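Quick heads-up: the structure tokens below are two forms of one chain, split into structure 1 and structure 2.
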Structure 1
């Protein structure tokens, strides 16, 4: 008894706190500098885009209004991002351009993740003919030529309202982007369903639906989150690509891809009026980069084998290197004095 008391003598109540897996993931994510940089960059861009959109909605900002007197003006205090060839304020148009990307990214990601997790879980759990049928469907959808479908659907719905075209794009991206996640979830479910905790749920008579939803899917959420961030970034890139080809939402609604497309139509604009393409391109680049940094940070935070140093550990390592340099310097001076 005395030995136990002696061993626990140096411990306080704070040392007895046990962190949940979620808390451990949050702590590891916060200690990842690049991931936090991506998170704050993503937050700032989303906040600015949303505020600009609602400002335009409440003030009735007309994106189609032109002013020939302000044609192709460079960046200034009045027009931070300059103006285009129609005299329109590029600053508001660039910030508003992210609103379509956000809608497409969020809605298509939710759709792809929902379908991918559902189909992958069913295929992995039941196996057999169900697995074969679902995997053949995955292979067929994965082989669809995305551009051919986009061109065809764009031609069919060219005269439809912009909001309807937006939902069409979301539907295309959501229906095509789920196949990779379905394969990942299927593989994980197939390995998890043979473990003891699932055998215990079967022995207790728990319904198949509850086994999948409450016991299997929570164990693959980590990979789903990481895959979701990559799907989100890919959806935004695809929307920008479609806008660049004039297959997405059309004028006067601005999008980053459409702004880049307008600038690329004239080589003179690319050389002389650089602000027309630099600012939307930079916004698109920073947004995609922030999402990828968040995804990498989540992957490292979720991976139990990944090692991320805390702020205190980095500070201690810095002090240790400083002390080693000082000791080496003193040893060098001492050796010179001895000679």
Structure 2
């Protein structure tokens, strides 16, 4: 007893910091410069896109309105991203394209995550026949080339109105991209359900549904979030691919992919009207990059093995290393001088 007291000497209550896993994740994420850069980039893009969309909505901005007098103007203060061949303001169109991407990304990710987690946890928990049926479904969906199948389904609904096509795209992406997540969740749950705490829930007579929802799923949530971020980035990329092939939401509603595809017809329009495609392309690239950076940061942050270091600690460590180097150098010099 006295030994423990001896050990804890000089250790006050304030030194004892207990961090919840979530707090640890937040600290680690905040310390990651790249992830924070991605986070701010993402926030800025989303804010600008959402604000522009609702501004356009409230002022009744007409995306199909054309003005021949303003045809093919380069970037200026009035039209920061220039105008297209119908005299439409590319700036507003690029940001509205972002709104489409956001919608598709969010909705299809929510759909994919819901299906993936449900299927994965059912397969992992029950095993046996149910598991093999679900895994067969996963295998079938997995063996289709993503783009080709999205292409086919989208072609079926080619003649439907744009608003309807938006939901078609969301449906396609949601229904195809849950398989990877289901595999991850299944694997995790298979190993978790053998642990003692699940045995305890069984002994306590907790319902199977609650065992899964309350006790198993919270344990895989962190991985789901990371995987969901990547699904989100992928959904946006896929939407851009489809709209580049004119198979997503169609005119007059602008999308990033469609804006790019117009310029790619020939080398003259590529050079002459560069503002038509450079801006949406850059936006798309930055948006996907910001999501990937966040995903990367989250992946590092949920890794329990990674150390939690505060800024002060890192600074101290850097100083210490510097001092060590300096000392080594001096020692070397001294030994040389001695010889």
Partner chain sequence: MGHKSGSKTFFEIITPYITYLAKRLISLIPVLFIITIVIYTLINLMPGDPIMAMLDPEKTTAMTIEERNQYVETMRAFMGYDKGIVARYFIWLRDTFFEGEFGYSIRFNKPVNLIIGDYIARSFKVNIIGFILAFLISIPIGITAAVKKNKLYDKFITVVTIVGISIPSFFLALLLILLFVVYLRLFPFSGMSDPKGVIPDWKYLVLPVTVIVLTSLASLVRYVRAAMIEVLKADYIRTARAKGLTEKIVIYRHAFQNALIPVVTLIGMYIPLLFGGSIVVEKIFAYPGMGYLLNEAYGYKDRAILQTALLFFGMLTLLGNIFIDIGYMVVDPRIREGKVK
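A quick note: this is a predicted structure, and the numbers were derived from the prediction, not measured. Residue numbers count along the first chain shown, from 1. So that the term is clear: the rigid core is the largest set of C-alpha atoms that superpose within 1.5 Å between two forms.
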Q. Given the two isolated forms of this chain, which one is the form predicted alone?
A. 1
Q. Core superposed, what is the CA shift for residue 326 between structure 1 and structure 2, in angstrom?
A. 6.9
Q. Can you give the C-alpha shift of residue 156 between structure 1 and structure 2 in Å, rounded to one decimal, after superposing the rigid core?
A. 3.0
